[in-house]
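As structure tokens, one chain now follows by itself in the form predicted alone.
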């Protein structure tokens, strides 16, 4: 059984558009337009796309906060409309990091409160809350009032709240937004650890480096429709994006070669080329250099980024 499965999901909004000072008309926004996808258990699944593409709407439908206009979706084997309460029992959710907390309670007290809502005893809720404060890097800050928290601290507390019930599936909408580099690194490692323990992570992000380094599967959504699905490496291979190869030659001057040669940062000549077949071309260049009697210094292969994938897919 898939962790998440949906077919033909639609969610349209009717919005008012002003036309002049007194006049207006209504327009329909297709936030989700016949979306179908599947998510395996125990993976990190990323939904990416431009602002307004439908990412947050998708998260809200799957977490039972919105009812779709058409189609069906199951989370953990439960229908998100007919069995919404069962879905809520097995998921964790992070949306806006500053929502859903009580300002005059401490971070610890907020977590204990949510633990009690999930049916944990006072002792178990307290133990779990302290454990999550340490896990997300809040530690002693758990004794401070929520109203004193920075955006980054609120983001970490949101993730702690999403994990209070030990969910099977967790939805993270921009999980590292507002975090400093060290905190973001800690949260990324936490996401990896959760998936390694069997939890399914469904996340959205505009940080393509983060998505590329975390995700097993990436789905690109544009104007409410899925336009590409695959692992980061599969998407790059499918689009035949170019790799950049640099091979340093231990020599006093640049040899005569078919590829461009420039002086590198260490003062040696460096052969540079772009290719869709990095393994084959790298071997060919190295063999050519060695055939001329030169030694090889540093070798660097720079693969295309997921940002390039997203740019190319969305420009179609």
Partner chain sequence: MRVLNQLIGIIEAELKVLLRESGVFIFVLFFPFMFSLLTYGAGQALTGGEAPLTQWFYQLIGFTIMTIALTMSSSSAWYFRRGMMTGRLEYILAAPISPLTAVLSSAVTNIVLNIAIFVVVASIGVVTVYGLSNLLNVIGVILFLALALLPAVGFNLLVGIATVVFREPEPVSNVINAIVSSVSGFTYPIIMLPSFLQALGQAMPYSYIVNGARDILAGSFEYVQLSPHLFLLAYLLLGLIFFRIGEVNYVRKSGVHW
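All values reported here derive from a predicted model rather than from experimental measurement. Numbering follows the first chain given and starts at 1. Under this definition, the rigid core comprises the largest set of C-alpha atoms superposing within 1.5 Å between the forms.
The protein also exists as the form predicted in complex with its partner chain; that form is not presented, and the subsequent description refers to it.
Among the candidate stretches 199 to 207, 110 to 118, 175 to 183, 215 to 223, which one is within 4.5 Å of its partner chain in the predicted complex when only heavy atoms are counted? Of the stretches listed, the one contacting the partner is 110 to 118.
Contact at 67, 96 and 105 by its partner chain in the predicted complex, all three, heavy atom at most 4.5 Å: The answer is yes: all three residues contact the partner (heavy atom, 4.5 Å cut-off).
Give me the residue from 237, 246, 79, 89 that has a heavy atom within 4.5 Å of its partner chain in the predicted complex. So the residue touching its partner chain in the predicted complex, by this definition, is 89.
Which one of 100, 71, 230, 139 is close to its partner chain in the predicted complex, taking close to mean a heavy atom within 4.5 Å? Only one option qualifies, and that one is 100.
Residue 60: touches its partner chain in the predicted complex, heavy atom cutoff 4.5 angstroms: Close contact exists here: in the predicted complex, residue 60 approaches its partner chain to within 4.5 Å, heavy atoms only.
So, in the predicted complex, is residue 122 in contact with its partner chain at a 4.5 angstroms heavy atom limit? Within the cut-off, so yes.
Taking 4.5 angstroms as the cut-off for heavy atoms, does residue 161 touch its partner chain in the predicted complex? Yes, contact at 4.5 Å.
Indicate whether residue 145 is a 4.5 Å heavy atom neighbour of its partner chain in the predicted complex. Taking the distances in the predicted complex, the answer for residue 145 is yes, it comes within 4.5 Å of its partner chain.
Using a 4.5 Å cut-off on heavy atoms, what residues in 283 to 311 are near its partner chain in the predicted complex? None of them.
Once the core is aligned, does residue 233 move its Cα by at least 2 Å between this form and the one not shown? No, shifts by less than 2 Å.
Relative to the superposed rigid core, does the CA atom of residue 119 travel 2 Å or more between this form and the one not shown? After core superposition, the displacement of the residue 119 C-alpha between this form and the one not shown reaches the 2 Å mark, so yes.
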